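Only one chain comes next, encoded as structure tokens, the form predicted on its own.
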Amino acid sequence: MRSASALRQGSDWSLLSCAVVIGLGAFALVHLTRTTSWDNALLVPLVGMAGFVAVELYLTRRKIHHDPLLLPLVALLVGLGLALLYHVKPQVLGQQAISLLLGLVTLAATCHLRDVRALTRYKYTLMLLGIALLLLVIFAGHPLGAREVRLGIRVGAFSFQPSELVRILLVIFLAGFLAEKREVLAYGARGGWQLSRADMRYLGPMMVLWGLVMLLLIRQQDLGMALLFFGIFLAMLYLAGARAVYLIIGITAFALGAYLAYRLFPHVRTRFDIWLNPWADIDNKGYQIVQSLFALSGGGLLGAGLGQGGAHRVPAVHTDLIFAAAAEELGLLGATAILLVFALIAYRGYRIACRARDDVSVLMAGGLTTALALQVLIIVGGVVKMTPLTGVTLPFMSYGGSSLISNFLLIGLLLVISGESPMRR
């Protein structure tokens, strides 16, 4: 009889094989709509999917235990993302392939970290590094996007958006700090609805560092990432068992911050007004979201087919609105399937958190999963006009090297935490 370990490995390979076949098949369908001959473009998905196989083989040979579903689910999203990018913006495909390989290398390297608690020993150093990167963007960054706002750092031909990495550094910092101060958060010195001097003494450093990060993001006008950071902060307070007073203060601060952002930043006010009524300026400021809505409705139930949609006419479709392209070409059923894949990743992430062996691992797994899930909710909500469009990317599918690599780092940390638990399924 085959051992339990051999059966697990067999199921891991079966799931990854299915994801690879779907990704390659999707790319091939798009390719056939563009040309009847095979060319070098097909090397992109072949190399990318081979990278996933190599990582799984590496983890298996090194006997690095990990969650069996995360890697196949990510491979499925990446394969579909490459196919959609090939249709809507083929000129970015090569750069996306390079970022994908770098992300897979990052994931494999991260899996060598056998204990995530080692990271929290340097929590203040990592957070200060993140602040330094954001400061560097302000003083030496280069503009990204149509608003020409400094959001990235350019090194030669490559650019990097530090806020994507700082998002993960923030989770590591909060996991280490909140695990140490969990009793103060949960009980405090004077009851559940009051703050004491002990609260401020223990939580002061965390609030100062987090507030500084938020101010820097607002200074850069990267308000989509600021919203994501705020959500991560509140979610991790909740995971740490914080008293209701902390959550009420956080929600109140969010409402006040949203109002001030609306009053102080014209582009925030514009996005809010467009969200309420994009048809009032359909030929100018509302053009992007209106075209996105047309793409969503044009897909119908089953979609126009891969490579057959017209979403390439939507401005910034390869970054902000790749979900609109997916909905048009795959239809309601395909778009729902993509959201279910993200939901499965979130489920596995929270399951890893529930089975983690200590408070640091619980908070880090929960925070990382929340960071990914919130990013999906924010951008998909903007695409379908449930929330204002903020400009963050859809993980693993949108074009963007910084986002892709940082999300592979995130998945790598989740795999490490999953390997710490004796029960992985």
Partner chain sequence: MKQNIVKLAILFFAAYGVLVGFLTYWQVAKSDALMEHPRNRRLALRERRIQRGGIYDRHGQPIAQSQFVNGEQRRVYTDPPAVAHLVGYVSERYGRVGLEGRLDRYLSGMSRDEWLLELQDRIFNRQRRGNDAFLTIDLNVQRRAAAALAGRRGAVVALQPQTGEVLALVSAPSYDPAQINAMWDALQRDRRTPLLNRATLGLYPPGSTFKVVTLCAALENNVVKPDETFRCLGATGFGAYTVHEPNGRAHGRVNLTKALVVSCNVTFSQLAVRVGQVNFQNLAREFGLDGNIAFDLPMTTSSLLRQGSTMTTSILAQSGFGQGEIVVTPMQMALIAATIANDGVMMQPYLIKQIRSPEGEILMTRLPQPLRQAVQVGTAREAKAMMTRVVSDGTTRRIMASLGVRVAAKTGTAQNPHGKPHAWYIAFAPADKPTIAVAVVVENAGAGSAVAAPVARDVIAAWRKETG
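As the structure is a computational prediction, the values presented were derived from the model and not from experiment. Positions refer to the first chain, counted from 1.
We do not show the form predicted together with its partner chain, though everything after this point is about it.
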Candidate stretches 346-354, 253-261, 159-167, 75-83 - the one whose heavy atoms come within 4.5 Å of its partner chain in the predicted bound form: 346-354
Does Thr125 make contact with its partner chain in the predicted bound form, using a 4.5 Å heavy atom cut-off? no
Leu71: heavy atom within 4.5 Å of its partner chain in the predicted bound form? no
Can Gly176 be called a contact residue for its partner chain in the predicted bound form at 4.5 Å between heavy atoms? no
Against its partner chain in the predicted bound form, would Gly299 count as a contact residue? Criterion: heavy atoms within 4.5 Å. yes
Answer key: of Ala132, Ile282, Leu212, Leu113, within 4.5 Å of its partner chain in the predicted bound form (heavy atoms) is Ile282
Just one of Ile172, Met225, Leu107, Ala311 has a heavy atom within 4.5 angstroms of its partner chain in the predicted bound form, so which one? Ala311
Would you give me the residues of 68-90 that have any heavy atom within 4.5 Å of its partner chain in the predicted bound form, in order from first to last? none
